[in-house]
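Only one chain comes next, encoded as structure tokens, the form predicted alone.
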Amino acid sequence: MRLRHKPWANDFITEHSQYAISNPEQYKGRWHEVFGNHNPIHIEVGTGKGQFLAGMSQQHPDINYIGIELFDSIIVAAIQKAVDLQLSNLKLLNVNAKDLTDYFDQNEVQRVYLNFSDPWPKARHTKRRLTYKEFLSLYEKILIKGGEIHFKTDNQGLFEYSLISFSEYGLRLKFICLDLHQSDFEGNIMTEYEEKFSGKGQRIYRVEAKYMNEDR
């Protein structure tokens, strides 16, 4: 995907610091202070334009949501949604997911969402997939014991790869759906990509994977 450069993006992010958190490393282990409560924290890695997290924030006001997005030209759309909807339980970080442990402490996050991540289909790019074992290890470091990953994609190859990756890492697959929109799953919030792909008749795949480390 070719990104359109937005020279005003950095200024926009700075102007909306109540939603776009600068220097998030200073809040490691202290995100409850940012939100002003001790509600559970769910993060989305690769939040894009923010439609999913905005919807989740509205649907679940008792959960604190944090979106991680690398590209400033994209995250501005998510910030605008938070501003328009005045979502006090949504914060956004314009950072690289590889550095998650710089921003979150051990046992600080309850759930990780991965929605329509880049499939990186070439074998030489396997390590870039957000469901690769090194990323799974990264999520485990910040999740509570028994924390979960909820993953959605339209890409069958990435889905099959991810099921294997989750299983080999030792996660328990709680929920596997091969056609989400034809299932009885309730409360689904669609991303922008999900609306686009499902509108074309493509299947949406979904899985919930749980870390089996409660007794560790």
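In this text, residue numbers run from 1 along the sequence as written. Bear in mind that the values here come from a model prediction, so they are computed numbers and not experimental data.
Missing here is the form predicted in complex with a small molecule; even so, the following discussion is about that form.
Residue contact with the small molecule in the predicted complex: residue 192 places a heavy atom within 4.5 Å of it. Looking at residue 68, you'd find a heavy atom of it within 4.5 angstroms of the small molecule in the predicted complex. The small molecule in the predicted complex is not approached by residue 64, whose heavy atoms all lie more than 4.5 angstroms from it. In the predicted complex, the small molecule stays beyond 4.5 Å of every heavy atom belonging to residue 101. Exactly one listed residue, out of 136, 74, 87, 144, brings a non-hydrogen atom to within 4.5 Å of the small molecule in the predicted complex: 74. Just one listed stretch, out of 167-175, 31-39, 180-188, 47-55, contacts the small molecule in the predicted complex at the 4.5 Å heavy atom level, and that stretch is 47-55.
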